[in-house]
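Okay, so here's just one chain, in structure tokens, the form predicted on its own.
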């Protein structure tokens, strides 16, 4: 990082998790106090830059713990608002959805989903395919992942004044290169497992595969949650009739079971690695000493395939964990310039 740059807050990583943190900070009026530092920025393509390759939609694939359910609710309303108010601009669209499970899902998840998802219905067993034990339908959103990232990037930069620096940092401590920086958000995804200063042994990659196919007749999101796999068909808004066909396993390099493209023409296929945190997504504040001074790192990663739907809720909690620091920035605006 440029030592002459005097940001109070640095976000490391420009995937959906880092951009959502930037958005929450910007909505608090702190945009000009924020710098995002990342090896890749929206518009780039790389196998290790996972966010642009996502399906992506709001679905029931996330965990069933209290935090995950809360992040889902916050993400659903955030994305629904974008679909209602800025659909064409944000590449987020209202879409009907059907989701099925090979095993009955936890009661808490279905109870929580049914309380806020629009048009939520349980599907009768007679309409479910062989091997499926439980199914629901509801109104969801689908997202054109690469275009949505570019929308956020341009909005954060042009509307809120957030600075973006394209650079791969050698360690998380280097994000504090400016003496003005008081907090760093670590939103590095899979890299958290190897990034010096973090090296989280509980963070591991989940291998996934998607196929981009042209199928303009598909207007519904379909998910199947298996015992050791996920498969899905997701129409991609603003893409002239393309859909995402995909699937991933829980961990490592085991082979996926992908959705079958049928008569759809396939213009592309990609494999990628999503960050998963053993024991649950990590949203955690850590106190550190940098140059003899107290500083704060907020770790925010490990959502796996739920990053787009949970990212905004995760960001709300991640930012909330440093409210004491944010108050000092708000109270002393001149110190942020």
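Positions refer to the first chain, counted from 1. The structure displayed is predicted, hence computed values, not measured ones.
Just so you know, the form predicted together with a small molecule exists too; it's not on screen, but the next bit is about it.
- Interface residue among 74, 195, 113, 218 relative to the small molecule in the model of the complex, by the heavy atom within 4.5 Å criterion: 195.
- For the residues 180, 199, 84, 167, the 4.5 Å heavy atom test against the small molecule in the model of the complex is passed only by 167.
- Every residue of the trio 50, 306 and 309 has some heavy atom no more than 4.5 Å from the small molecule in the model of the complex.
- Contact with the small molecule, judged by heavy atoms within 4.5 Å in the model of the complex, is confined among 113-121, 85-93, 129-137, 209-217 to 209-217.
- Of the heavy atoms in residue 12, some are within 4.5 Å of the small molecule in the model of the complex.
- Among residues of the shown chain, residue 191 is one whose heavy atoms approach the small molecule to within 4.5 Å in the model of the complex.
- The small molecule in the model of the complex is not approached by residue 283, whose heavy atoms all lie more than 4.5 angstroms from it.
- Using a 4.5 angstroms limit between non-hydrogen atoms, residue 38 touches the small molecule in the model of the complex.
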